[in-house]
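Shown below, as structure tokens, is a lone chain in the form predicted on its own; questions about how it binds or moves come after it.
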């Protein structure tokens, strides 16, 4: 179920323990018996909660949860305790996993209605906690089950309503607080819907999500926001007229025609600045003549995760509104083997005239992005641009499967971006854009070649892209690891994650 599903999220006024719901949930940090909410619930249940915690070794560690029947001692039928770990280490984004855990436990118990008491973390954080908890509900109940045929997968979940309780005693909220809650719920819903939409695009087979299908999806999103959001789709002929020799070479081995997608959001007032988000859109990557092993090719439908992120984020940006003029650009194609496919040793001419010798056809993403960056720089002329790409295995070797690598030579912009990523809880780490490694890209027959040596592979890919970004403030985000997961967390199931959508929307819509 995604953010467009049947779960209705709201603010529940009144005392938390008087909520008439099927399940009431709260978070505990550290020793449960010292927590004020725990004490109140335990007293209402005549000490049962303490006994169950001891027998189940519940210590409120991160990831622990415990459900207890109230047997009529409270209006709620069940109480759910979720471990929050250390209060000092608990940040706003952690609430996503907590809310996801609550929603999943409610569904497992067959609950129709839930009330969750938000933790008091101090400071002016309540609205942001609500937003991220809403995201957690929808992200945690997401399932990609389109191709599963069993009845269990078609049956709708029981959970219909999820309310946030904000005070143990039911302190009344001001009109401003009530408005802030409504705004936070709307914001969380829009962001979660965009993330889950990106997940759908990533999880679909490559036979379904072709370049033309991504273009149609962008057009459908633009149609929803007629008046503020437009889209232009360029076919190979138009791309050839613009001189996109690198992008077109990557896609020429496939029977699926390439598509270049350009989405534009314009605010009603004069924009404060113009920004562009560029996503890698290789809908399937065989590696070309530098053919990948079969096992490495199995999940290459996810190689368009950058495109999925920027296209889906535009839906949320248009829904929430922005003070900026926002563009999303993605060059979409398949990298396949055929008699038409580009070959090792070919020399390609990019849109900006730079010639590139091909020494690895599996380093195709940087070729498509290079032309997309040139298009952005020359046709859109943004104040800032960001690219998102499942670009290198080297980045995963350096940072592991959960962390994106960030590169830029523009200090102020990259710091702003990293602050946004920290706020959203998307795990990113800055890597050095070491210009000494530029030597690895030298070619004896062209201006440069498309790959360097083994060591520093993520950075040389960033340096390749920097060639086309030139002096425009630019940030490169390599999402090869976190774009898709084989292990789960409460708010992230296996498969496509929709990584970077939250940070893109946050950057474009919070000022």
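Positions refer to the first chain, counted from 1. Owing to the predicted nature of the structure, the values given are computational and were not obtained by experimental measurement.
The following text describes the form predicted together with a small molecule, which does not appear among the structures shown.
- Although the partner is absent here, residue 360 sits close enough that one of its heavy atoms falls within 4.5 Å of the small molecule in the model of the complex.
- The shortest heavy atom separation between residue 480 and the small molecule in the model of the complex is within 4.5 Å.
- The closest heavy atom approach of residue 423 to the small molecule in the model of the complex falls outside 4.5 Å.
- Interface membership of residue 96, defined by any non-hydrogen atom within 4.5 Å of the small molecule in the model of the complex, is ruled out.
- The putative spot formed by 280, 292 and 390 is fully lined by the small molecule in the model of the complex; each residue has a non-hydrogen atom within 4.5 angstroms of it.
- Taking 303, 135, 315, 371 one by one, only a single residue has any non-hydrogen atom within 4.5 Å of the small molecule in the model of the complex, and it is 303.
- The partner is not drawn, yet in the model of the complex one stretch among 320 to 328, 96 to 104, 363 to 371, 220 to 228 has residues with heavy atoms inside 4.5 Å of the small molecule: 363 to 371.
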